[in-house]
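This document opens with one chain alone, in structure tokens, the form predicted on its own.
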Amino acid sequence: MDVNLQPIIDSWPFLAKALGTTLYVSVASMVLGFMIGVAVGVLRTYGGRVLYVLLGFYVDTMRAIPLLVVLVWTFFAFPLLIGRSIDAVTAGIAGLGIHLGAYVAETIRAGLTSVRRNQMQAALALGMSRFQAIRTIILPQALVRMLPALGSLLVIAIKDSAIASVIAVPELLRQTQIVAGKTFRPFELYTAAMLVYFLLCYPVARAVDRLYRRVAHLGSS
């Protein structure tokens, strides 16, 4: 089989723009998912029985529904609910972020509950409010302990951005499909896309592992 890299060379500006979209969607969905996850994780841990049950329903729902279904519903069904259309990129970020938030929430909750309860009791005895204790004592330790899991979720966010191609988000995989359809060189183009995803995800995973080894002692209690 002959290998022809010319389609990649000729289309590199088009594919580079798609890569930028992939990075934007990945980072934005991770930020959204992290914000949702922290809020839900903290409230499920310290918000009482009612919030635990209600937010647990969100977590269980998102973990039970495939991401593909969430994305399709967000892009095609949600606009009918609100009476206005939303663009594919916004729908992709929202669907990815809401879905990812459920997994971040469980990671946050696990990290918070791993910190010994007497630290909260000591903080309250010193006159701190519950919010101050969580923000300054409990959460910083928990975040250090959660670094490996959160790093894995960041890698997942980058990889899952490819699924957004089904709702026409112009990210790397979708634009690669377009070029492959025009040039009839799927081997070269899809191989290149696979290598790009590897080059995005592998350094992130290794960097988080290295960071964790350097700061792990800060999470001990």
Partner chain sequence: MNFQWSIVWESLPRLLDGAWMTVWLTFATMTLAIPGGLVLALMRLSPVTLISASATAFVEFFRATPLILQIYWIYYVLPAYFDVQLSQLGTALAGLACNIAAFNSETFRSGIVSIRRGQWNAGLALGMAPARVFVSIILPQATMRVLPALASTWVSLFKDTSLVSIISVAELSYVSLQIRAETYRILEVLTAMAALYWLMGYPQAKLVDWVHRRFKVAE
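These figures come from a predicted structure and were not determined experimentally. Positions refer to the first chain, counted from 1.
Another form, the form predicted in complex with its partner chain, is not on view; read the next lines as being about it.
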Exercise. Pick from A28, V40, A162, L154: which has a non-hydrogen atom within 4.5 Å of its partner chain in the predicted bound form?
Worked result: A162
For this session: Tell me, yes or no, whether V69 is in contact with its partner chain in the predicted bound form, where a contact means a heavy atom of each within 4.5 Å.
Result: yes
Exercise. Does its partner chain come within 4.5 Å of any heavy atom of V166 in the predicted bound form?
Worked result: yes
Exercise. Can any non-hydrogen atom of M62 be found within 4.5 angstroms of its partner chain in the predicted bound form?
Worked result: yes
Exercise. Is there a non-hydrogen atom of P186 within 4.5 angstroms of a non-hydrogen atom of its partner chain in the predicted bound form?
Worked result: yes
Seminar exercise, completed: Contact check, 97 to 112 vs its partner chain in the predicted bound form, heavy atom within 4.5 Å, ordered by sequence, gives H99, Y103
